[in-house]
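First come two forms of one protein chain, each written alone as structure tokens, so that there is a structure 1 and a structure 2.
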Structure 1
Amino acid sequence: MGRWEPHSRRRLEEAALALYARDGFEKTTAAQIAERAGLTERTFFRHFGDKREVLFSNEGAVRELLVTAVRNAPEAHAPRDAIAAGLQAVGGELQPRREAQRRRAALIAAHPELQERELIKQASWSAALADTLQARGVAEPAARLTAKVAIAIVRVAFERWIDEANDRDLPHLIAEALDQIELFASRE
């Protein structure tokens, strides 16, 4: 066995989740999280830039999923269809974790500081998507605009998926939202 228990990062994430849910975000201190994980506050801040970031450790992976799916869409596909593939990839990834996503969304909705962090993550998705569209030949500023619209689509679909009593699945809701917008983004 090593000098320390393994998986410290994951332990911190789990401790944070549990305490944020139990006591609320503001009432939880970084020291409490660290203690519950058997670590020190300083170590918490080595793994996560701030108290909020611990709730967003997954974000990079989902973003990569999105841009990869768009990048790998057949070259003949119009931007709209490449984007559809990307959004569906994200939808398929999140669909199985509905309950966890719901809890997480409720936590974020209750705390403006967390919404801010969520929004900047969305902006980073948008920027990455815009780059990918450019690489597929979409010119600026259409690429940036189209990317923002695409993120708006997933978000609205996501919110319906979280909110609604019925259990329509996320990919379906994404497709529906996509149908409501005529994406510009023609090749030239």
Structure 2
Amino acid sequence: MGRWEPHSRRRLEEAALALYARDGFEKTTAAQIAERAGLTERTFFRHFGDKREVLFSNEGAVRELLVTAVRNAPEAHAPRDAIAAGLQAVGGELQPRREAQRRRAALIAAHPELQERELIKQASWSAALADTLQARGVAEPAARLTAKVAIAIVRVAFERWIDEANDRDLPHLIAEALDQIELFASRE
């Protein structure tokens, strides 16, 4: 093998998902993932700290996309509209990878240690979003609450999106969830 392998990270992710589905998460090793991807185990560890991290490799990029979209929303936008812009950006990013996200979600649902890691990811997104809202002038308690609700909205929309019976796109489901929260809040 050469020193540089094109698309190594993506190949490792695809190999991991295939092996996790075939052999199970517990039985799959980093060496097996690397071998299936046609790479070395050392290359695997250049990209990922362990086999769990393959499932969470886009966490930082998606969090940054969310925060940037909220940060860059026009100042005149209400916090709800800034949040909507961020959630729509995330929905657009994930939309092309629906089948991989379905497989990923099924794996996470089957393993408590992966569920814990998923919750840590969501808490990280929520904290970053709350900081961004505060930078936009939202008071601390409201920023934290708004961020937690936003993460709940994307989670509910995501769960509906990966449902095999559902063929609607993720951005649409996010908008629908935002509208449902708004309807609930407007009732007296």
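For residue numbers, the reference is structure 1: its sequence is counted from 1. Predicted model, so just to flag it, every value in this text is computed and none were measured. Throughout, rigid core stands for the largest set of C-alpha atoms superposing within 1.5 Å between the two forms.
- Note: the form predicted alone is the second of the two, structure 2.
- The rigid parts compared between the two structures meet at a hinge, and of Val90, Ser126, Leu55, Ala73 the residue found there is Leu55.
- Once the larger rigid part is held fixed by C-alpha superposition between the two structures, the smaller part shows a rotation of 20 degrees.
- Once the two forms are overlaid on the core, Glu13 shows a Cα shift of 4.4 Å between the two structures.
- Once the two forms are overlaid on the core, Lys27 shows a Cα shift of 2.4 Å between the two structures.
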